[in-house]
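Only one chain is included here, represented as structure tokens and corresponding to the form predicted on its own.
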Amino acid sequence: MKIAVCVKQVPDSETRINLAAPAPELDQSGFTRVLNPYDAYAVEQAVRIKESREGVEVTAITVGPQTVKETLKKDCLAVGCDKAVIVDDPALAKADHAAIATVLAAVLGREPYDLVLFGLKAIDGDAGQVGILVAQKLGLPHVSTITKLELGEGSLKAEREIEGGKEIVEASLPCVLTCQKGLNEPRLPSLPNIMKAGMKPIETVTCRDLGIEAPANLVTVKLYSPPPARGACKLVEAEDPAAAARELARLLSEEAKVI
């Protein structure tokens, strides 16, 4: 059985963005980059399947520069993935979700994977599109936002949360899944395994190597703009709580116009 896990290196959620005025580009020179947190659930699930079955091979796949190697080693190869593929092409530096999906589909098309796992979404773009777009491009069934997974012979049963309840979906393999928080608890890599991860194969390819042209973007970011400055705080003073509540309601309605 072959499993592919598509991952992304993203800015750490604690990274501060310095944007004093609207600008066409973000200064990312000081960003700390980590494995996308949702992708960690996909990696963990792939490794758990490998540990529970014989003959399972797990490949981590990403699009990005060579600086992504350390993230792949520490958070993918060191926790149980067998090998990795990096699509490193300058033409993809500002690729949108559709372009990334096209490239990933080209990588996945080189081998017959039984299962392709994604995180629900990346915390930088927050779109949640790439996994579903890849499934469409490959013509494969997909189940999104799964929180439970059972594999059978040539099929799977997945559980996903929906408004007001849970939905159980059955699908045939091969299949594409996007993984949500609650599916598992990602493990931390040990220092010995991080050291050993450096000996696992990492293949670097370009769009030309994949036999495709760099896809054109369908979406372009025109401008980054900081949020508007907060207005002055207005304190409602009243000895009677009921009177204070009435005054607050009046202010919210007549001045703030939010109710």
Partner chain sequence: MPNIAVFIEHRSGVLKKVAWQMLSEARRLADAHGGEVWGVFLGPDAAPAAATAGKHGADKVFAATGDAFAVYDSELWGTALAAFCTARKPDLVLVGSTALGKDLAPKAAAKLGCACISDAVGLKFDGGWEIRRPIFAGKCFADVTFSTPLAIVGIRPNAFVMAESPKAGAVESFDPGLDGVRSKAKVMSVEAATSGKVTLTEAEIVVSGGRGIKGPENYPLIEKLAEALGAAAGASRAIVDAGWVDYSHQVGQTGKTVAPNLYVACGISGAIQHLAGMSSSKCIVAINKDANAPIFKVADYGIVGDLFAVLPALTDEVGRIRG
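Bear in mind that the values here come from a model prediction, so they are computed numbers and not experimental data. Positions refer to the first chain, counted from 1.
Not on display, but discussed next: the form predicted together with its partner chain.
Asks: Which residue, 110, 187, 83, 181, is the contact with its partner chain in the model of the complex, using a 4.5 Å heavy atom cutoff?
Replies: Partner contact (heavy atom, 4.5 Å) among the options: 181.
Asks: Would residue 153 show up as a contact with its partner chain in the model of the complex if we use heavy atoms at 4.5 Å?
Replies: No, residue 153 stays farther than 4.5 Å from its partner chain in the model of the complex.
Asks: With the cut-off set at 4.5 Å between non-hydrogen atoms, does residue 94 touch its partner chain in the model of the complex?
Replies: Output for residue 94 is no: heavy atoms all beyond 4.5 Å of its partner chain.
Asks: Indicate whether residue 1 is a 4.5 Å heavy atom neighbour of its partner chain in the model of the complex.
Replies: Contact check for residue 1: no, nothing within 4.5 Å of its partner chain in the model of the complex.
Asks: Mark residue 74 yes when one of its heavy atoms lies within 4.5 Å of a heavy atom of its partner chain in the model of the complex, and no otherwise.
Replies: Residue 74: no contact with its partner chain in the model of the complex.
Asks: Where does its partner chain sit in the model of the complex: which of 64 to 72, 51 to 59, 192 to 200, 26 to 34, heavy atoms within 4.5 Å?
Replies: Checking each option against the 4.5 Å cut-off leaves 26 to 34.
Asks: With the partner left out here, if you bring back its partner chain in the model of the complex, are 143, 233 and 249 all within 4.5 Å of it by some heavy atom?
Replies: Yes.
Asks: Out of 238 to 259, which residues reach within 4.5 Å of its partner chain in the model of the complex, heavy atoms considered?
Replies: Read in sequence order, the residues that approach its partner chain (within 4.5 Å, in the model of the complex) are 241, 242, 244, 245, 246, 248, 249, 250, 251, 252, 253, 255, 256, 258, 259.
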